[in-house]
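Take a look at the C-alpha cells below, where one protein chain is shown in two forms, each on its own, as structure 1 and structure 2.
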Structure 1
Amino acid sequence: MALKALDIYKLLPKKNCKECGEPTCLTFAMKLASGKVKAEDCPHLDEKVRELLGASTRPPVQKVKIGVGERSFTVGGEIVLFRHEKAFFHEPGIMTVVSDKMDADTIQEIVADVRDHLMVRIGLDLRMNGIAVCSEGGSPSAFGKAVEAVEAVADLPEVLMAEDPAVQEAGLAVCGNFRPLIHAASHDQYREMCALAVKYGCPLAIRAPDLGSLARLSGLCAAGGASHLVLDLTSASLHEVLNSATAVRQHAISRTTPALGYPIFIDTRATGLPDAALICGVLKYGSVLVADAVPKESRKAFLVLRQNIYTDPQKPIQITPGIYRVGNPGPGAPIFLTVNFSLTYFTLQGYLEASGFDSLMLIVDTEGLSVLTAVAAGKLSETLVRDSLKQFGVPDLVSHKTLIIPGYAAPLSGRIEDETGWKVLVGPRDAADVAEFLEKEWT
C-alpha cells in the first residue's frame, strides 16, 4: 500500500543533510511518496528501512519489453487498479495474427498493413503494434517460413505462438534476436520453453488451467531463469477473461500473490466477439492482445479508446499552441483566444463549427490547464497573450485588432488590452453559447 509522505518522513533520519539533493527530509519524503525519487537516493537509511520503503515504491506488476527498435513496446509497470488512482502507464500492444498456413503473400499483405497503418490524433501517432505468428500445422519448417515472411516485410514486434518447443525454436532461429514473445509455456513443457527464453533472451508467456497453478508455474519459470513473463488468461468466455484479469491485477497490486505480478496476455479470437474482447482487454488489464486483422472502422475506435484510457488522468492532453482555423476565415474573421487543454479546444472548435462562422482560434500554452484553472494559477497571463499574438503572427492574419477571450478569463481583459493594445471582447463562459455571442457581438 502506498505510504503517505509523513509515514515515510518518520522513517527518515530527519537530518536535513541535503545529500539526496532535496532541501529537507520532508520534501524527500513527499517526492518518494509520489514516486519522483528512489529510496536509494537517501544515503543514511539503514538496510531494513530502505527495503521497506523500496518495496512499497517498486511497481507490483513487472515491466516486460517486446520487440526491438523503433516499434518495440513495453508493458506492465502498472501500480493501480483504477486509472483515476494514478494512471495506467503502458498501453497494451495489439498483435495481428498470421498463420503458418497462409501463403507468404497473404502474410506480407497483413504485415505491411500493420506496419503502415497510422492514425494521428492530438499530435500522437496511434499504431497497431505487431504480429502474432501462429503455428497451426505443427511443422517447424512451415513456422520458420512464416516468421521469415514476416521478417521480410517489417521489423515489428512478434509473438511466436507455438506450444511445441521444436516448432517454437524454428521461429526463434529466425527472429530470436529481436525479442519476440514466446507463447506459451505450460506445466507440461515449461522446462524446454524456459530454456528457449533464456537462450534467446526473450520474454515468455505462460498458461495454466487456473490462476493457482498459473502462479505456481510463474514461480517455476522464474526459478528456471525466465523472469520476463506474461500471463495468458485466454478463455472462450469473456466473463472469465474479465474476472481472471481483475483477480490477477488485484493480487498483484495488493502484493498478495507476487507470483501473479506480470502483464496479461489475451487472445481475443477465442471469444468469438473480437470487438468486445478488445474493449475488455484495453479496459481490464490486458497488455498483449492477439486479434485477427481488425476491420478499419473498429480499428480506429479501438486505437482511440486505448489512447483515452491510457491518458494520464492527472495530466490533461494538450494541443500544440498556435493558430487553428474553423471554416475559411478571412481577414475580418473573429479570433478566439483559448487554452491548450484538449477538451477546451475540441469543445470550442465543435461549437464554432456548428455556429457557421468562419473563425480563428488562438491556442496559447497553459500547459494543458483549463481556462478557469489557468487563470487561477496565473498560467494564462497578459504577457502570454502578448507573446503568443506575436509568435503566431496574428496581426498579419486579420485586419482588425479585436480578440475574443473566454468568459472565465474576464478578470484579465484590462491587462490584456494594456499589454497588447488589442481590444478585448469577453466571450461566453460556456462554449455552447458561442453562436449566440457571435450573432450579437460580431455582426
Structure 2
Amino acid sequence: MALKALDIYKLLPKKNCKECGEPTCLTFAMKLASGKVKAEDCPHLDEKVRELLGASTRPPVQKVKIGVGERSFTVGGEIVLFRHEKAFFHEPGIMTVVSDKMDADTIQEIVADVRDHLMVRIGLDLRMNGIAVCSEGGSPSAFGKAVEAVEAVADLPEVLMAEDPAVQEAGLAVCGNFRPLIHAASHDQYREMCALAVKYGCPLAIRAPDLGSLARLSGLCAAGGASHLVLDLTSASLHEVLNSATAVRQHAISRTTPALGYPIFIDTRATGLPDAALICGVLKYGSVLVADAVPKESRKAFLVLRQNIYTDPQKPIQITPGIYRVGNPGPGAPIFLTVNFSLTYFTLQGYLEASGFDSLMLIVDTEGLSVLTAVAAGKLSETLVRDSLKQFGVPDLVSHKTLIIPGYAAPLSGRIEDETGWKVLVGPRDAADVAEFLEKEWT
C-alpha cells in the first residue's frame, strides 16, 4: 500500500535542513506522498529507507514511453482508480493498424491520413498517435517492407505486432532505434522477445490467458531485463476486456499485485465491436488502443472524449492573460473584457469572428474560473481590471475609453468605472448575441 504523509514523516531524519528545497521535513513528506518530489531529493536518507520510500511513493502504474523525441507518447503513471479522486495524467495512444499484406501505396495513404489529421479544440491540438504494423503473413521480409513503407511517409510512434521473434526483428531492423512497442511476448517465446526489447531498448507488450499468468510473465520479463512493460488485455468479449482492465487497475492502485502495475494494451478489433471497444478503452484504463482506420467523423468524437477524460477536473484549462486580436482591429475597435477560462475565451472569439467586427479581447487572470464563478469568488474585481488595463497597455491601443464587460459581470460595472475612469458597457450574457449587441450599441 502507498504510505501516507505521516507514515513517510516518521521515516525521515527530521533535521529540517532545507537541503531538499522544502522548508520542513513534514512539507517534504506531504509532497513525497503526492508525488511532487522524489525520495532521492533528501540527502540524509539511508539506502534502505530511500528504497522503501521510492517503492511506495512512485506511481503504482509504471510510466512507459513509446517512441523517441517528438515521435513519442507516454502512457501509465496513473495514481488513482477514479478520475474525480485526482486526475488521469497520460491519455491513451490510439494507433491505426496497417497490415504487411497491404501494398505500399495503401499503407502510405493510411499513414499520411494519420500524420496530417489535426483537430484543434479549446486551443489544444488533438491527433491520433501513431501506426501499428501487423504481421499477417508471417514473413520477415514482408513485415520489414511494411515498416519501411510507414517510415517513408511519416515520423510517428509505432507498434510492431508480430509474435514470431524472427518477424519482429525484421521490423526492428528498420525502426528499432525509434523505440517502437514490441507486441507481444507470451510464455512460449518471452526469452527471445525480452532479448529483442533489451537489444533495441524498446518497451514490450506481454499477454497471457489470465491475470495470474500475466503477473508471472511480468515478473519473468522484468527479471530478463525488459522492465518497461505493457499488459495486453485483448479479448473477443468486450465484457471480459472491461472486467480485466478494471481488475488490473485495482490490483495496481492498491499495490496488492505490483506485477500488474503497468499500462494496458487493447486491440479493439478483436471484440467485433471496434467503436464500442475504443470508447471503453478510453473510459476504462486503456493506454495503447489499436484500431482500424477510424472515419473522420467518428475520429472527432473519440478525440474529444479522450480530451475530456484526460483533462484535470481540478484544474481548468487556462488562456494566458493579455490582449488578443480578432481580425485587424484599429484604434476605434471595441474591447471585450473576459476571463482566462479557455472555453469562455474560445466561445467569445468564435462569435466575434462570425460577427465581422474587428475587435480586441482583454483576457484577465481569474485562475481559469468562468465569469459567473469568478465574480462570485471575488477573482474578477475592479482592481484586477484596472491593473490589467495598465499591464497590457490598453490605453495605447485605442482612441477611446470604453470597455465591454460580460453580462454576468454587470454588478461590477459601476465599480470598474470608478476604479478605472473608463466607460463600461455591459455586454450580453450569451456570447452568441455579441453581433446583435455590437450592431445596436457600438458606434
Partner chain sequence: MPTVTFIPGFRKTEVRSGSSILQAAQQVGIHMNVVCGGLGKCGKCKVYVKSGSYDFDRDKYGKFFTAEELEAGACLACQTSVSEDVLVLIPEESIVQEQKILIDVMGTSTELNPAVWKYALSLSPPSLDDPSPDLTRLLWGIEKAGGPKEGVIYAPLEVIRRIPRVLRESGWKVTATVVLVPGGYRLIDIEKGDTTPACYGAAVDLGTTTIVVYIRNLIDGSVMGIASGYNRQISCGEDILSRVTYARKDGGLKKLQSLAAESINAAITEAANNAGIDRDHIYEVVVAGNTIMTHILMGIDPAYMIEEPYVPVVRRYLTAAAGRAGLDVGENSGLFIFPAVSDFVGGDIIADILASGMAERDEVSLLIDIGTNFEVVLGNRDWMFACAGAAGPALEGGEVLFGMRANAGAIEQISLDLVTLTPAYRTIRHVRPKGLCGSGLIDLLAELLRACIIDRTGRINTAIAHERVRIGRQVPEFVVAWKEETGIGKDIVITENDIKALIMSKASVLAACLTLMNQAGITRNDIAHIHFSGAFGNYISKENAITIGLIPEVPVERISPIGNGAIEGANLALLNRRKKKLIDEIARKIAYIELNAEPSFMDEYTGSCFLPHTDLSMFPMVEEMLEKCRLRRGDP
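Here, residue number means position along structure 1's sequence, counting from 1. Take the two forms, find the largest set of C-alpha atoms that superpose within 1.5 Å, and that set is the rigid core. Since we're looking at a predicted model, the values are computed, not measured.
Structure 1 is taken from the form predicted together with its partner chain, while structure 2 is not.
When two forms of a protein are overlaid on their rigid core, residues whose CA moves 2 Å or more are considered shifted, and F346 is one of them between the two structures. Relative to the superposed rigid core, F336 undergoes a CA displacement of at least 2 Å between the two structures. In a rigid-core overlay of the protein, Y324 has its C-alpha displaced by at least 2 Å between the two structures. Taking the core as the fixed frame between the two structures, we note the C-alpha of D396 moving 10.5 angstrom. Once the core is aligned between the two structures, the alpha carbon position of L45 differs by 4.9 Å; this is the C-alpha shift at that site. The two forms, fitted on their core, place the C-alpha of K18 3.5 Å apart, compared between the two structures.
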